[in-house]
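Only one chain comes next, encoded as structure tokens, the form predicted on its own.
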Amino acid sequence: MERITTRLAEDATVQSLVNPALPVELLADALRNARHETWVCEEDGVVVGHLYGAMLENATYGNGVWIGPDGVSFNTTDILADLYATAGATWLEHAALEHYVWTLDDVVSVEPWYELGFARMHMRGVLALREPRAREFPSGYLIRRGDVDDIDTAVALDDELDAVQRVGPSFSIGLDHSTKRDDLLETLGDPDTNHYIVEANGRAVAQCLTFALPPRRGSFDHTLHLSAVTVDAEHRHHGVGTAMVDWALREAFHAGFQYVETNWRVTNRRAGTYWRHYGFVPTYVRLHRTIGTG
């Protein structure tokens, strides 16, 4: 546990938007529950590294292993390599071929994983909500709350987002979206989820979702998660998306949220530029490796 708390404290020293605080009792319980799934490296009786990865099934991306910011520590890259080789053999026995790592986006943290064949996939951006923003919608646009009756709208606009990701340089093709409607229906039915829809002439042209982020390592309390931000192709570059995000975050600010997080694919260069320009600061990067592809 000391190595985990030290690791997060070091991350927070590098990036102030990383929360170094840890609920000690919850962390201790988590470690006890994961003791049979955690690998530890020792030298002369001293712990010099540990690795924990949660195995999860995913119909879209395949069976995978997720390693969080608290799931790994190592004194050298060779120690990490030994830990990964041992743990990875067990994961492969369970057909978990997709391996993901959330780590601080700095050279010291990511370079060892590059040495093991991982590549950058997603960024986590954080914004401190210091004051509400109030950019107005262009003339003719209105915003409203959505609900489960807007499922067709939600699916159609999410398809727009998928279309953006399918073209280069992302080339996110071949993914199974057969459960999208059911997944979105469950999301819209969650009373803690806010669905915002922008309309023009009675037609939905943009949407986004927000919800309170549950406690997780590295994130602050009172953090909102922003996702599914989409603007119809014909209505982009008019300030519609920015005004929609302003509206959603203004409501979050007045509801007591202090931070907001969002994710974007690193190959979606336009999204990365947009979120940085808006004020989001990259904190963690999700690295990915598929076993059997090189």
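Just count from 1 along the sequence shown to find any residue number. Values in this document were obtained by computation on a predicted structure and should not be read as measured data.
Beyond what is shown, the protein has a form predicted in complex with a small molecule; the following relates to that form.
Although the partner is absent here, His237 sits close enough that one of its heavy atoms falls within 4.5 Å of the small molecule in the model of the complex.
The small molecule in the model of the complex comes within 4.5 Å of a heavy atom belonging to Val231. Proximity of Gly53 to the small molecule in the model of the complex falls outside the 4.5 Å heavy atom cutoff.
Within 4.5 Å of any heavy atom of the small molecule in the model of the complex lies no heavy atom of Phe280.
Listed stretches are 211 to 219, 97 to 105, 156 to 164, 183 to 191; the contact stretch with the small molecule in the model of the complex is 156 to 164, by a heavy atom cutoff of 4.5 Å.
Taking a 4.5 Å heavy atom cutoff to the small molecule in the model of the complex, the contact residue among Gln258, Thr267, Thr242, Thr38 is Thr242.
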